[in-house]
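Shown next are two forms of a single protein chain, provided one at a time as structure tokens under the names structure 1 and structure 2.
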Structure 1
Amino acid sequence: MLTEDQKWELIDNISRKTVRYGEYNATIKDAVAELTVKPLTGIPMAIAVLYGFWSFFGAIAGFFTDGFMVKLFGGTESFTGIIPWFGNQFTNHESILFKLFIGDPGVFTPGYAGDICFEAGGVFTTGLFVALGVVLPAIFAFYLFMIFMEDSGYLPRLAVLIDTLFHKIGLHGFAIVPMILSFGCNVPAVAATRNLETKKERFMMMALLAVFIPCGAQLGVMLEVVPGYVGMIILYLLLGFFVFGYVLNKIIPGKSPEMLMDVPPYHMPRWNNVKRKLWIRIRGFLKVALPLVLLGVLIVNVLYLIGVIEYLANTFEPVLISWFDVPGETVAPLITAFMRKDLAVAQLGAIEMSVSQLITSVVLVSLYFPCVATFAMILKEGLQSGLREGIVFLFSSLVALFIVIFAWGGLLRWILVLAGV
């Protein structure tokens, strides 16, 4: 076998004999490529792109949800929406089936003033509304923009720019890619950590993104439930990401070596590929997430009916009130959060509480135990390095999670008091 040097020498000779480099004139594409990675011009451009992303997400998701879905499900003066229609199909509003699948009979009384879409609470009413009316448009808007960032080649450039910031918490270059992906969904983001070089980096990244990064579906519901505060909530979560990243970097043994990342040339995204990837996401949502949302609603409703929620609410109320200042009823969404965090946020919207309590509980749901799909993925990745290591991995993540929930979740309450929210 040739040594490394011999191989490179051979390659040199081969390329000298076969490759000709002609005159090359820099094009506008190259100028843009330069400007987007140089910090002085790149950072303002990155802020502009991310702000554009955010506006696009809010505008498109809002256009479909508020402009169309809320009316379709809730109804207008001249049109009976899907949810009231469901209510009208039943004469007995007190039956178990009605309470499970259609929802709270109180919502279906004439002249009800609340937000019927979120407050009905049945499988076929709020369940379908959250999945199809709120999350589906959010996922569509999010991935449409995301796919353009992926296919154009902007994503790795963004990674290069944020690199300096990430150095401070011992993560490099490529670690940004899983983080950005995880704003869409944590599951592929956990898979993307396979590109990180050391176990330390992988563990840190998986733990941090599962805890601190809300997914696109969750963000979509947040826009409906706490409009006006979503930006602040994201900032608080990102701050937590860096604070705990810094701490984890200090206490976890191991190295996080410098990693170089290739920045590919810009390509025009191909419409066919964009369409295909968008369809893969939407199909995945309809096949996997939609049943989980409906199942989540059903389970919580059953638990309500048999009194488990009330029992848990009374049990945990002291902790929830004294430490986080959120009402005991939030245990129900916290149970749903095991399955789907988007649904959990939607259920928080139906609980009566103050704005600051709502913000705190939305943050709690985000920090809380990862959703079942993410958890399964993390477990799979953890177990790949052997059973023993997998268990250590799982245990340490749970401890870290517990600390984060209480420290970062509890702190927010006092910040909100100081801020006067």
Structure 2
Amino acid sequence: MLTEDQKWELIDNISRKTVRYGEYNATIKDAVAELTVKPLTGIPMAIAVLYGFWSFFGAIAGFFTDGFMVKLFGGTESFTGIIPWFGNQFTNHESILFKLFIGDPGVFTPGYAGDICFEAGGVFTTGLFVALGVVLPAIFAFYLFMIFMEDSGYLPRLAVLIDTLFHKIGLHGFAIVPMILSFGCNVPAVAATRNLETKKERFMMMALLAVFIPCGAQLGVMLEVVPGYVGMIILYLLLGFFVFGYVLNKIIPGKSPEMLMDVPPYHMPRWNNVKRKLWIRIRGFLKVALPLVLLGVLIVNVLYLIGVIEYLANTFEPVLISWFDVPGETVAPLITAFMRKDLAVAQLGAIEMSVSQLITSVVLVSLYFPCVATFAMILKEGLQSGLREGIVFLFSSLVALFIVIFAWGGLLRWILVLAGV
């Protein structure tokens, strides 16, 4: 066993043989790297990068959805789209199968489908269009930009820059990674919380991500349903993220350790790596999320046909109207949100509401219980510490969820009233 002095002597010997000393000549790349981690210059740069990300996201998602997918699914005067083709395979528009897979016969008309992509509500209409026509372009745009941030070396610097702010709510800067990932999909974001060091940090981050961060699928649908209010909704949700993060930090025992992170030099991303990462993440969406979207639509349609949705709407309508000022029809999207929140937001677009009611409803869907895939991942992470701790974790998450829904959702209603929206 080496003594302490012998260990340091060994370290010195290794250093003399391996470390090369010379004069350091700073480059422009080094200067930019230094500027991006200093708050005075780094924060404006971070705002510019995130604004560029949002502009890129909206432009690419909108271009593919409106310029290509709407025509592909809805058809044109000279082209029979995917949705009209599916509809024309059914001869009886009043049959149960038609209502399940195509949707409301009063909305669907043979030939050019027009705007029925959202409104019909069938597995092969709303389900396919939301998943492939709206969500897939949004996922593509998000992950493409995210991969460039990651491979260029900017993402670790953003974590260093944000560390001080996150410490105010009991987290450290590395929590920005699952937070940004959550804007693409909550499932990999929850998995990324494993890199946080304490149980307190992991619980807080999973709870806050599941409630306050809309995934890329939701964002894509929001841009279609409430395009003029997406920025305001995200700011309100982010404000809730930090407010309730501060509260959770005060009531949950434990401390947050200091962050130690390797910050690599800036470099140009390799296109082969970008393509491979992008394909892996899109393939994961197609394998996991697409079946869940279609299954969610099918289950909701079955609940409609047997009268469950109508019963729940009548039961919860007094609460929804008195506290949130939204119509009882929003019960159906809330049920759908357990399968896919993006589909729930799409369903809200087909309900007649005022602007303030629509904004409140979209926020409620975001605050509502996480989709089934995220829920399964959160439950899996909680059970890793044992059955008892997993149950406590789940119960605590439910309590926090209901408090957030009623407090933050109800507050928005009065904010909109005072603002005259």
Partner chain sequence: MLKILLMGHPNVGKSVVFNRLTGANATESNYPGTTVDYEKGYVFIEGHETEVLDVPGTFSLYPKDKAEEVALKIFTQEKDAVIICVLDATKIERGLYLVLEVLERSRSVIIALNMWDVAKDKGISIDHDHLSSLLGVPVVPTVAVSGAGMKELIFSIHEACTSDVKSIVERAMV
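Since we're looking at a predicted model, the values are computed, not measured. Whichever C-alpha set is largest while still superposing within 1.5 Å between the two forms counts as the rigid core. Numbers given to residues start at 1 and step along the sequence of structure 1.
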The same chain appears twice here, once per structure, so which copy is the form predicted on its own? 2
If we fit on the core, is the Cα of W8 displaced 2 Å or more between the two structures? yes
Does the C-alpha of Y246 move 2 Å or more between the two structures once the rigid core is lined up? no
Does G74 shift between the two structures by 2 angstroms or more at the C-alpha, the core having been superposed? yes
